[in-house]
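In the block that follows, a single chain appears as structure tokens, in the form predicted on its own.
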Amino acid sequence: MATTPLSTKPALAVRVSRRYGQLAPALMFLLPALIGFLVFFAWPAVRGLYLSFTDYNLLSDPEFVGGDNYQKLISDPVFWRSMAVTLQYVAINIVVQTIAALGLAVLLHRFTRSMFIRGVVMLPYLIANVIVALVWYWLADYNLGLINSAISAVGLDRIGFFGDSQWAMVTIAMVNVWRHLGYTTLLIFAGLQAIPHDVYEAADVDGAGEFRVFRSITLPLLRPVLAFVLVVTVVGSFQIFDTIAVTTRGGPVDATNAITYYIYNLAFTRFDFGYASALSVILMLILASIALIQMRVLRAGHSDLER
């Protein structure tokens, strides 16, 4: 049996003592975040999971009903309609925002490094989403909005951006694209700065054109960043609420009744907290599954720079 030399025992004891001596300050710094996580995330999640198996309306104690709430959502047409509306919003938001942010980030990376321009790009994201929604709601008003006034001035018919069932969700998606575009752009811009410049120099020596460089170098090396951006934007898009709450309130004719707004109405308008909790659990499972699939398919943990 091997034994530790006597000369190494004091040094080992010093290292162990030093490590445990650093543990207490580390725990003190982590404690506020840990308390916040337990109080505002872990406990509500466990409580919501429990309520999803009950019939609860705030006026009486929760009554255990097993899987009735989950069976109910299978035959709930409003639930399926809200999921379809949410997927429509997610598709528009992700496609437009990702393509626009990627193009804008490439332009910033190639033509300017100005901090002022970066600040201007980021400015919409610094404005509260409710304020952004209200401003665009007034701008797009059918009768008094500047956008419809301009449309009418050129001889075209006014558009009910928030009042027409065909335009409402598209409009909400574009409003949120405008607000979050700067944040997504800066994430991609940071990924572009991490790509070694000598890779582009080698491509330039080989005579590769702009499109070839973008397709063969920029996009592959940006894959981990794009995977992160897609996961964040998809999860955030499924949680759309505030823009709908201050503009359309789920209308017209449920055209913008996203799943989060439907859950809100069930819980705080109808006081059906059991069924609302069941929908919340389903939404959580959907988001977790989508995020896992995205991370696996896009191989977010690997970069072509490692080859």
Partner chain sequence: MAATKRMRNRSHPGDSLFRSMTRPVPRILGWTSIGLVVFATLFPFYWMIRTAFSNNRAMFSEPLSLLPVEPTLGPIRRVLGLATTEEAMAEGGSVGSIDFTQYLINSIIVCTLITVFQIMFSAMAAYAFALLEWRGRDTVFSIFLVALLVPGMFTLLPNFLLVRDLGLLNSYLGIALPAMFFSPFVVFFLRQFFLGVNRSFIEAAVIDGAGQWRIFSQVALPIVWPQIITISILQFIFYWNDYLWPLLVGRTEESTLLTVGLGIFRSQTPQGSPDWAGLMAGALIAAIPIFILVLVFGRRIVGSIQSSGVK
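Only the largest set of C-alpha atoms that superpose within 1.5 Å between the two forms is called the rigid core. Residue numbers count along the first chain shown, from 1. The model shown is predicted, which means the values in this text are computed figures rather than measured ones.
This protein has a second form, the form predicted in complex with its partner chain, left out of what is shown; the following refers to that one.
Taking the partner from elsewhere, no residue among F161, V234 and V297 has a non-hydrogen atom within 4.5 angstroms of its partner chain in the model of the complex. Contact annotation: its partner chain lies within 4.5 Å of heavy atoms from the stretch 130 to 138 in the model of the complex, the single such stretch among 71 to 79, 130 to 138, 164 to 172, 88 to 96. With a 4.5 Å cutoff on heavy atoms, M122 counts as touching its partner chain in the model of the complex. Proximity of F211 to its partner chain in the model of the complex falls outside the 4.5 Å heavy atom cutoff.
Under a 4.5 angstroms non-hydrogen atom cutoff, its partner chain in the model of the complex lacks H180 among its neighbouring residues. Shown alone here, F64 lies farther than 4.5 Å from its partner chain in the model of the complex, counting heavy atoms only. If you take 109 to 126 and check each residue for a heavy atom within 4.5 Å of its partner chain in the model of the complex, you get R110, F111, T112, R113, M115, I117, R118, G119, V120, V121, M122, L123, P124, Y125, L126, in sequence order. Once both forms are overlaid on the rigid core, the distance between the two CA positions of A33 between the shown form and the other one is 2 angstroms or more.
Relative to the superposed rigid core, the position of the CA of A42 differs between the shown form and the other one by 2 Å or more.
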